[in-house]
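First comes one chain, alone, set out as structure tokens in the form predicted on its own.
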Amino acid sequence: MPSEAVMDVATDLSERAVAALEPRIESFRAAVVAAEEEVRTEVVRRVGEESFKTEQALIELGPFAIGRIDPERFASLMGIGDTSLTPDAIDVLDRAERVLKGLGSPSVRHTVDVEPGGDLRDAVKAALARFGRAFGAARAVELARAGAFEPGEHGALLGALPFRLWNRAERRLAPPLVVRTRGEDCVPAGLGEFLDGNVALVLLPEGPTTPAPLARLITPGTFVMQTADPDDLMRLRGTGHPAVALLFDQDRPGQAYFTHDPDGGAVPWDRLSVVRIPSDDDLGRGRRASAGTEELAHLRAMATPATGEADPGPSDEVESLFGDGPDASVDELAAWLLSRTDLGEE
């Protein structure tokens, strides 16, 4: 069992990591709340129209029909007050509203705990899929509004939506995650598939890891950081790129500290700022020593200027792909989350 002091440190680091991501969290939450309010308004309006439609039918039928004719069925047959939404479609809107209301609550945690011996990638995948319910609900609403929602084909949209099925607009609205794991389970190489759009991940390993677990995730358009200083995480607020950061629970000589900022320059060594690369003597021994050596070799290679032609670095196309940062999500909500028309955008 971890000591009380160790648990206090872990809690403090987790709280500081969440605080660093707060603007991104609030952007996602505001988007979901706005969507929920729009759906709730739609549900109330539709239910009100149904009530009005029945009243109109009673007026049309007159007193003689009371107790003899079903006014709701009559209204449906005659098209009185037709809203083009079936009761099933209104039910979809109601269910989507509940999904959005739950995900927009301030009590929703953006922290993920990896079970001892568990898979880091699988934990992140599952957490993102749970948050993806917001996007599935939005798609379901659009289909219901268009009269195209088929329970057998589209019912899964009201459940978890895997990250691989999110389109570009949805990835720009991605929620951030703080992931707590044991040091020996911190194997982040498989997280690359999630580093797209506005995704931001902060890893909090408890105990020693290999020296540079994130080195393999460095790509021209991804913000990558390893540090033992929680204040460094504030840089995640300023980047407009997908981001992954690792915050060590204490300073150890065998850890590499660096930041890769896509906006830092046109070539890898300009984008990469290395504070410390451990020596071979600092690596120690063990079953993961060879992996640590490979990580450091990769880090050194990227930090060393080449003698040949320079890498052209991130292009305008790459810049446009990753967008303008977390604040863009709220502004785009009204235009996309519930009003977009191209549900098949990739």
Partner chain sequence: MSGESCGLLHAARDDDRVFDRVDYEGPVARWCSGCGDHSVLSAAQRLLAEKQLAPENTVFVSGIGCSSRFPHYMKTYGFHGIHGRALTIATGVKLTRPELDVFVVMGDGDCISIGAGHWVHAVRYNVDMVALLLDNEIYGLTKKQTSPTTPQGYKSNTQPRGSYLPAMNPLEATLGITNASFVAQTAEWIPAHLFATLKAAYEHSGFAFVRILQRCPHFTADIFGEAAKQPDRVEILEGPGGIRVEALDAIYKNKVEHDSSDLAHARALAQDMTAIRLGIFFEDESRPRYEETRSIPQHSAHEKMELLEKEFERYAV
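Positions refer to the first chain, counted from 1. The shown structure was predicted, so the numbers you read here are calculated from the model rather than taken from an experiment.
Unshown form predicted together with the partner chain; subsequent notes refer to it.
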query	finding
Contact test in the model of the complex: residue 273 vs the partner chain, heavy atoms, 4.5 Å	no
Residue contact check: residue 295 to the partner chain in the model of the complex, 4.5 Å heavy atom	no
Touches the partner chain in the model of the complex: residue 109 (any heavy atom, 4.5 Å)	no
Contact test in the model of the complex: residue 169 vs the partner chain, heavy atoms, 4.5 Å	yes
Position in contact with the partner chain when the complex is considered in the model of the complex, options 248, 135, 194, 149, heavy atoms within 4.5 Å	135
Option touching the partner chain, based on a heavy atom within 4.5 Å in the model of the complex, out of 215, 203, 141, 243	141
Answer range among 234-242, 160-168, 115-123, 258-266 for contact with the partner chain, defined in the model of the complex as heavy atoms within 4.5 Å	160-168
20, 130 and 179 each touching the partner chain in the model of the complex (heavy atom, 4.5 Å)	no
Residues of 221-235 having any heavy atom within 4.5 Å of the partner chain in the model of the complex, listed in sequence order	none
